[in-house]
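For reference, the chain that follows is the form predicted alone, supplied as C-alpha cells.
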C-alpha cells in the first residue's frame, strides 16, 4: 500500500512540474531583464563612446588611461568615436572634447573652474586644496589666485626680461665648466636650470643648488604624472606608491627649507624690498592668518616648478624644431638683427618680433607640452546639444583641436599657419577664461627673451644626414658647446665663428 501511494504521488508531481515551470519562468526572466536594464542604463546615452556593458566599459576605459597615458588615450578615443566622447575614469563619467566650439564653451564659463584627479594622489603630492594648479576647492582657489596674478604681471613682467637675459648669458658662459671631462650635456636639464634660476630671482630670492633642485623637480613631476589618475586601491598597497611619496616629500622638504631661510631674512631685514616678491607676500599673508603654512609652501613650490617643467620643455622642443628647420632659424635671425642688433632684448622689442612670436606659437601648436586641460562641471549644463551633469569630468584635448580646424597646414610645422590672425577659439595654448594659465603673459616674455638671447650667441644644428625624427625622446638629445665634435643629433655653435663642423 505504501509503495502504491508513493507511485501515485510521483505520477502527480511529474504531471504538475511541466505545467508549473513555464508559468514560473516567465516572471523570473522578466525580473532579470528589468534588473539588467537598470544596471546597464548608461547604454541609453546619446554621447558617442565605449559601451557601459554592465560596468565593464568603465573598467576598460580607466585601464586604458593608466596603460596608454592620458594623452594617448584621449587621442585614441577621439579618433575612434569623434570629437565629443564619453568614457569613465574611476567610475566617474568623463567627456573627452576636441571640438573647438565645445572647448571654447568650457573655458569661457565659470561653472568649469574646478579640476579633477585622484584625491589620494593629489594629497600625496600636496596639491589637494593647496596651491593653484590642481586646487579643486573653488573658493580657496579664488583666494590664492590674486597672489599669483600680482607676481606674474606689472613690475614682475618687466623685470623678467632682464633676469632671463642675464641668466641665459651666465649659463651659456658656464658651458665649458659644465661639460668639463664630458662630451655632451643634457639640453633639457640645461633649460630647466635657466628657467629655475629666473624663477628664483624673481619670486623667492634665496641661493639654491640648481642641479639638486632640478632633479627633485623632475622626480616630483614623475610622481604627479603617475598618481594623478590612480584608483584608490593603488594607495592601499604601500610599496606601489612609496617611491612617489618620497619624491614629493623630497621636493617639499627642500622648498620648506628655502622658505624658512626667506622668513629669517625678512625677520632680520632693516627695510623691506619694494615691491615685495611672491614668497614675501605669502609669508606675510600667513602671519596675518590669511593662509596656512602648508598652503604657503605649496604655492611657492608650484611657482618654482612651473617654468622648469612646461616652459623649459617647450624651449627644448623649440631648439629641436630649429635644428630640423634651419630656414626658420635664418628667418628669425634676420628679424632679430633688424629689430635688436647686437644689444640685449628689451621690453620695447617684444611687439616687433613677429616672426619669433609666430615661431613660438607654431611650436606650441605643433609640439604641445600641455595638450590636455582637465575640468569638472560644477553645475548642470548643455554643450553643443549634449547634457552635462554636475560633477562630470571634462578633458579638453586642445592638442588634437589645434590640428583639426582653421590652420592651412595643420599636420605640418610651418610659420604659414600663423601668417593670418588666428581666432582664439581655434588656438588656446594657455587656455582662457576664469581658469586660464595665470602665467601666460610672463611665459611669452620669458620664451622670447631666452630664445632671442640664445640665438644671438649660438646656432642650433644637426649632424649631416641625421634628422631628429623622434622628438618625443627628449632625454636622448644632447647639446654640444662651442667647437666640440658632435656625437648625437643636436649641437650648438657660437655665431661668431665661420668654422663648420664635420659629421
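Residue numbers count along the first chain shown, from 1. Being a predicted model, the structure only gives us computed values, none of them experimental.
Although it is not shown, the form predicted together with a small molecule is what the next lines describe.
- By the criterion of a heavy atom within 4.5 Å, residue 115 is counted among the residues contacting the small molecule in the predicted bound form.
- Although the partner is absent here, residue 435 sits close enough that one of its heavy atoms falls within 4.5 Å of the small molecule in the predicted bound form.
- Using a 4.5 Å cutoff between non-hydrogen atoms, residue 375 counts as a contact of the small molecule in the predicted bound form.
- Taking the partner from elsewhere, residue 369 is found to have a heavy atom lying within 4.5 Å of the small molecule in the predicted bound form.
- Taking 186, 280, 358, 310 one by one, only a single residue has any non-hydrogen atom within 4.5 Å of the small molecule in the predicted bound form, and it is 310.
- Just one of 213, 258, 285, 133 comes within 4.5 Å of the small molecule in the predicted bound form, counting any heavy atom, and that one is 133.
- From the list 166-174, 290-298, 139-147, 82-90, the contact stretch for the small molecule in the predicted bound form under a 4.5 Å heavy atom rule is 139-147.
- For the three marked residues, 120, 122 and 223, no heavy atom of any sits within 4.5 Å of the small molecule in the predicted bound form.
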